[in-house]
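Okay, so here's just one chain, in structure tokens, the form predicted on its own.
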């Protein structure tokens, strides 16, 4: 399947060697836009109507942020997609394909086939911030962190209980610390701002990790104090 690719760089989930990024061709009827500035690149297209399918890589935001919305009738040949990655862990093969109420069904089928041809597994979802997986797992992680703060059990015992009781391969505390608690903070903060639900309010430990990372980054950029400074 032929498609054009616009890579704005800094994709949160696709390394530059991934087949989706390396196998694009010129003058195709499908356009894939990836990277940190994918939404901006879409809005700068001079003739988006010439494509039968446009795929925009999303962060946690809604597709409607870039396409606009009107009366619950939005939707066209423009779709969003997001490959799931938990913090600093390797990207998974799960891609959430984002549709709107009036999205073109043939575009959805084409997008699904294209992504699956690149070795990805696709779930189709409606246009909600955070989509399926983040909205399901972030309250669970918040709950585990809060129970640790409350002293319900040690981190090791919380992890062991969930591993043995639910069959998880790794406990939530270990998983979040391995992949970066600061990333969990950014995800939950975005969801909390979008929905205002207490389940998404960032757990204290995630906020502390984020603030510590910000402080470390600032300290590194400023360098050590000069002589005579305290």
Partner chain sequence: MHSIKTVGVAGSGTMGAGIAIVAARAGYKTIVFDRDQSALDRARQQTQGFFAKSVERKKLTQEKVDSILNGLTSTTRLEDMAQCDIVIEAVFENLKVKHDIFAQLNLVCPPQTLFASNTSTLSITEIAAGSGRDENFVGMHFCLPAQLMKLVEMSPGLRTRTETFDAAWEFCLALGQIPVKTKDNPGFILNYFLVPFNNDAIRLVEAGVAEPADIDRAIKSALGYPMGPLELLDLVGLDTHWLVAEALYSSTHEPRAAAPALVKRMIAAGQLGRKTGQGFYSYKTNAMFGG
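The model shown is predicted, which means the values in this text are computed figures rather than measured ones. Numbering follows the first chain given and starts at 1.
Not on display, but discussed next: the form predicted together with its partner chain.
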> Taking the partner as it appears in the predicted bound form, which of 62 to 70, 23 to 31, 184 to 192, 161 to 169 has residues with heavy atoms within 4.5 Å of its partner chain?
Replying inline: 161 to 169
> Should the three residues 4, 41 and 210 be counted as contacting its partner chain in the predicted bound form, with contact defined as a heavy atom within 4.5 Å for each?
Replying inline: no
> So in the predicted bound form, does any heavy atom of residue 122 sit within 4.5 Å of its partner chain?
Replying inline: yes
> Applying a 4.5 Å heavy atom distance criterion, does residue 118 contact its partner chain in the predicted bound form?
Replying inline: no
>> I'd like to know if residue 113 sits close to its partner chain in the predicted bound form, meaning any non-hydrogen atom pair within 4.5 angstroms.
In response: no
>> Taking its partner chain as it sits in the predicted bound form, is residue 101 in contact with it (heavy atom to heavy atom, 4.5 Å or less)?
In response: no
> From first to last in sequence, which residues of 1 to 24 have any non-hydrogen atom within 4.5 angstroms of its partner chain in the predicted bound form?
Replying inline: none
